[in-house]
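The form predicted on its own is given below as one chain in structure tokens.
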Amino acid sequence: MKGELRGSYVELNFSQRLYSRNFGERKDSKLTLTLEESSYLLSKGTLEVYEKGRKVELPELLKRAKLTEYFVFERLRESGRKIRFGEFEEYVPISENEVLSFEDLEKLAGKKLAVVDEESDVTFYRISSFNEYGKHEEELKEVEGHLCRERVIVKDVEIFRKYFYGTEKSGYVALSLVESLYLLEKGFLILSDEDESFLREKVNEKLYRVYRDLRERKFMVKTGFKFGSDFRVYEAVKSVKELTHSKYLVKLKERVSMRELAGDTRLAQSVKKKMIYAMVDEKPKYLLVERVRI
């Protein structure tokens, strides 16, 4: 069938076959198609496009179209979804070069990002609010500690062997600063006044607030450095001997590029974990990001 290019749309005689497949808008005896719909149909050999008697080829039509949206439309159509152009339902087209704030991502919770890369391929990521709780229980006792630069040293190895705080090193346990501040505030760590004052000055406040919030949600939280994140998070730890794999990786992010998101989710899934982005506002907020297939 043939259509006439009229600026920002293509017009052709009404086609029930196209209309029933959710292409175009009916206007009396005519059907108007977006440039993106027209490009898709032209690429499939279903449509020929003319402008004042001159045949318009696909590259010229695509030059006038919204390419990111077009590639998502094409991908969804070829996966069997009979969507109308611009009505992407839960899918949000976006370029791999975009950077979103945490607040922007938060508004997309419940939707899927359709990220178009520089090879014009589309990858899908689900954004979900995260408000889960763990199952970690512990009955700690007071321990005395000594601040040694960026660690607090304690002699009671049970705090590691039973509850997974710190790391055991030749008969003592080295606690990180965030672990130490948490234990101090909960009344289980005893430090000198000088060490306590120095500890409070050294700890990153936002990092600590996320750590504390996750611990108060009954998760066990450890460093995520080896996985390129701030924390790795366990649902529960009964003892180091029964230690299971951590379930989540947590990263503090105020802004996220699509390239970072792609790398973070790929890494998390490759080690059988889920990626969570965290931001500290009045209280910590979390978003779960996952790569999905359609």
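In this text, residue numbers run from 1 along the sequence as written. Because the structure is a prediction, the values reported are computed rather than measured.
Although it is not shown, the form predicted together with a further copy of the same chain is what the next lines describe.
- Proximity to a further copy of the same chain in the predicted bound form, taken as a non-hydrogen atom within 4.5 angstroms, holds for one residue of R259, R255, K30, K238, which is R259.
- Site annotation in the predicted bound form: the residue of L181, L147, I127, V143 reaching within 4.5 Å of a further copy of the same chain with a heavy atom is L147.
- Note on the interface: of 128 to 136, 103 to 111, 84 to 92, 170 to 178, the segment with non-hydrogen atoms within 4.5 angstroms of a further copy of the same chain in the predicted bound form is 170 to 178.
- Contact check for Y70, I153 and G228: all three have a heavy atom within 4.5 Å of a further copy of the same chain in the predicted bound form.
- The shortest heavy atom separation between D213 and a further copy of the same chain in the predicted bound form exceeds 4.5 Å.
- In the predicted bound form, at least one heavy atom of R232 sits within 4.5 Å of a further copy of the same chain.
- Among heavy atoms of K247, none comes within 4.5 Å of a further copy of the same chain in the predicted bound form.
- The closest non-hydrogen atom of P59 lies within 4.5 Å of a further copy of the same chain in the predicted bound form.
- If you take 112 to 146 and check each residue for a heavy atom within 4.5 Å of a further copy of the same chain in the predicted bound form, you get V115, V116, D117, E118, E119, S120, D121, T123, Y125, H146, in sequence order.
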